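Next up: just one chain, as C-alpha cells, the form predicted alone.
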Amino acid sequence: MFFLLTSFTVVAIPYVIERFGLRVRFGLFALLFWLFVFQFVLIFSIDALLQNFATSMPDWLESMLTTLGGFAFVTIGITPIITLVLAAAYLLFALGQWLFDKDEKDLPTPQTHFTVAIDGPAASGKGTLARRIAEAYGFHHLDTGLTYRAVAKALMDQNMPLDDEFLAEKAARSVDLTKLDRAVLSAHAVGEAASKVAVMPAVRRALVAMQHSFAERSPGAVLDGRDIGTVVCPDAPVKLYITASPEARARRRYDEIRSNGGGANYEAILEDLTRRDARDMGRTDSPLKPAADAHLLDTTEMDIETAFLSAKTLIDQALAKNTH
C-alpha cells in the first residue's frame, strides 16, 4: 500500500502543476496520471475477480486474468519512474530556458537611434543650432514648430475656422513631416494662426505622437521646439535648453527680417516675443520650460559656432557612453 501511495503522489504532483499551474488541459503528465489510475483500477478489479470468482471461472480465463494482473502490476511500477524521469528532464529544460533568457535580458540593447532634444523660446537660436547639429552628425532634423504651422496653414487653405478642435485635429493627423516648406510656413499670418491651434490638446497629442516617431529614426534625430525634452522625448540622451535675453532675440529677428528685404519694427518685435513667451510658459498643456536634466545654453553673447561647439561636447560624451 505504501508503494501505491508513493507512486500515486509521484504521478499526481506533476499532473497538478501541469493542469493548474501551466494551464495545460491535457498534457503528457495528465496522460501518465490517468494511465496510472487505469492500471490501479485494473489491478484491484482483477484481484477482486480472482478472489471472488476463481473457483467458478474456467482455467484459461483465470490464467489470462492472472497474466494481465501481473503485467498491470509491473507497469504500474514503471509509470512513476517514467513520470520522474520526464519531470526531471522538463525541470532541467525549464531551468536552462530561464537561465538563457536571463542572460539575454542582461545584455545591453543595441542603440539604433540617437535623439537630441532642443527647447527654447522664439528667436533664441535653437533652430539654427539644431540644423547645424543635424548636418554635422548626419541626423534627421525636425522643427516641431513647423508642424503646428502646417496644421494652421491647412485650415487656412480650406477656409476652415481656426477654433474648431475637431477639424484642427483632423488636419494634424494628415500632416506630412517630409513636406514642411519652411519658406511658406514662416509667414507671419501662419504663425499667428498656429498660436491658436497649438493650444488645443487634441492637436498637440496628434502631433506629439508623430514627433515621437520621428525621433526614433536612425541613425539619429534632432528635434527643436518648446516641449521636446519634457514631453516629446523625455528620455533623450542629450537635452539642450537654448535661451537668450528678450532684447537679443528681438534684435536677431529684426536683423533677419531686414536682411530678407522686409520691413520691421524692433519695439513691435520685442513686444511680440514677450507676449509669446508669456503665452508659451503660462499654458497648462506642455508649457515651455527646461527639462530637469537639460543643459542650459545662453546665447545672448554667444555666436552659433560657439554654441555648436558647446553642444557638440555634450553630444560626443553621450555618444561615447552609448557605445560602451
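Keep in mind it's a predicted model, so treat the numbers as computed, not measured. One rule holds for the numbers: they count along the sequence shown, beginning at 1.
The following text describes the form predicted in complex with a small molecule, which does not appear among the structures shown.
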Using 4.5 Å between non-hydrogen atoms, is His295 touching the small molecule in the predicted bound form?
-> no
Using a 4.5 Å heavy atom cut-off, state whether Arg132 contacts the small molecule in the predicted bound form.
-> no
Does Gly145 reach the small molecule in the predicted bound form, with heavy atoms at most 4.5 Å apart?
-> yes
The small molecule contact in the predicted bound form: Arg204, any heavy atom under 4.5 Å | yes
Please pick, from Ala194, Ala236, Ala171, Ala221, the one residue with any non-hydrogen atom lying within 4.5 angstroms of the small molecule in the predicted bound form.
-> Ala194
Non-hydrogen atom within 4.5 angstroms of the small molecule in the predicted bound form for each of His141, Ile242 and Lys312 | no
Okay, which stretch from 242-250, 172-180, 225-233, 154-162 lines the small molecule in the predicted bound form, with non-hydrogen atoms inside 4.5 Å?
-> 225-233
